Each structure stands twice: as C-alpha cells, then as structure tokens.
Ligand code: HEM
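Below you'll find only one chain, the form predicted on its own, shown as structure tokens.
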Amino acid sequence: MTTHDTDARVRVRRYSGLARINHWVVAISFVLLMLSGAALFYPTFFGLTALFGGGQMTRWLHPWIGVALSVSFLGLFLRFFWANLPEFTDFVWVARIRHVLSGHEEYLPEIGKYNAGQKFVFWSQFVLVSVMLVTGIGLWDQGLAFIDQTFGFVPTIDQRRWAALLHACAAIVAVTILIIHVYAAIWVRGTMSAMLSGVVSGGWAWRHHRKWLRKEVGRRISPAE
C-alpha cells in the first residue's frame, strides 16, 4: 500500500469544532489587534484606522479586542495545556532541529500531539498575551478605573510609560512568532487541514505526530510500505 493510498483512505480527527472556533477567534482577534495597534503605534500606519472607523473608534476598539483575545486565548490554554507540557523528546527534537528543517523526520523521536516548536509558540504566546493584557490595562482609561477600584491605586506616569514600552515590545515579539507559526503551518503540507476541517490524513499523523496517533487510534495504522 502506498502513502498516497493510505492518505486517501485514512482520516484522523485532530480538533473538535469548538476547538477550531476557539482557535480562529484568537487568530482573528490577533490580526485585528496587530492592525489597530500598528495604527496607534506609528504615524505611518495611521491610515489603517480607516478599517475600524477612524482614529477615535480604533482607540476605543483596540483594548476591547484585547479583552476578546485574552478571554479566547484562555480557552485555548485550558483546552491544550496538558498536551503542551514539556517532555524529554522535546529536547531531543530541538537537538535534531537540522533534521526537522531538512525534512528528514525519520531521525526524530516519536512526537505527541505537539512538537517542541509548537509548544514554544504556545507558551511564548501565553506569556506575551499575559504581558500585553496587564500592561494594556494600565494604558486604558477603563483599566485604570478598574485598578483604582480593585487595588486602590493609580499607576504613575513613569509606570505607564514603562507599561507602554513593554506592551509594544511584547506585541512585536508576539507578531513575529505569529508569522513563524503561520509560515510553519503552510510549509508543513497537510497542517492547515487540521484547523480548517478538524481532520488530518493518516500519513501526516504517522509522519509528524506518531506518538499522538498511536494514542488516538492504537496500532491500527502501520507505517507505509
């Protein structure tokens, strides 16, 4: 049986409908924040405010989109936390990253649902979204009122300046990681299917996430002959 025949006949469910909706809410929120944030961050990109109804509307919408991102990302975190815990095979995967880049995955250990690269994206974005949330609250009028009512103090001007710097730096790093994440999803053929249809081919699962496949469907699928 060829790999093509196996791919044509075997489909493995990777994500539920709710998981995919959750993922795309995060993705759309992220893109909207990237565009509106760029418009507010640098004058050259101010024209992007037209996408949101002008400068004032962009300033009002940006923090609320941030809240939507934070809540939806929390959903992803709770859903996929356990699958992203570090394992010994992650260190082996990183040590053999040259084989990943060259496509020689036969030299890699069997991988669970996520490889070390995917886990890096998950945990780094968790930290960065958290930083952007906390610093964003300190830059938001409603957020300042929340801090005052909850903790009984208002951040100083210097603290807000540091918050603005950290917020911008975290956003730049988060966008960079997002670009790498999207590129990797396109580069590894068959990966996009997971978040579009919720299923992947048996051949894809066997090649990239064999340990996860064994757990999902036992040993019913053997390697291509």
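This structure is a prediction, so every number in the text was calculated from the model and none was measured. Numbers for residues come from their place in the sequence shown, where the first is 1.
The next section is about a form of this same protein that is not shown, the form predicted together with the ligand.
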item	value
Proximity of Ser197 to the ligand in the predicted complex, heavy atoms at 4.5 Å	no
Residue contact check: Leu139 to the ligand in the predicted complex, 4.5 Å heavy atom	yes
Exercise: Phe45 in contact with the ligand in the predicted complex, heavy atom 4.5 Å	no
Contact flag, Ser70 vs the ligand in the predicted complex, heavy atom cut 4.5 Å	yes
Interface segment, criterion being heavy atoms within 4.5 Å of the ligand in the predicted complex, picked from 79-87, 127-135, 93-101, 150-158	127-135
One residue of Ile177, Ile28, Ala38, Met192 in contact with the ligand, assessed in the predicted complex (non-hydrogen atom, 4.5 angstroms)	Ala38
The ligand in the predicted complex: contacted by all of Leu33, Gly66 and Ala168, heavy atom 4.5 Å	yes
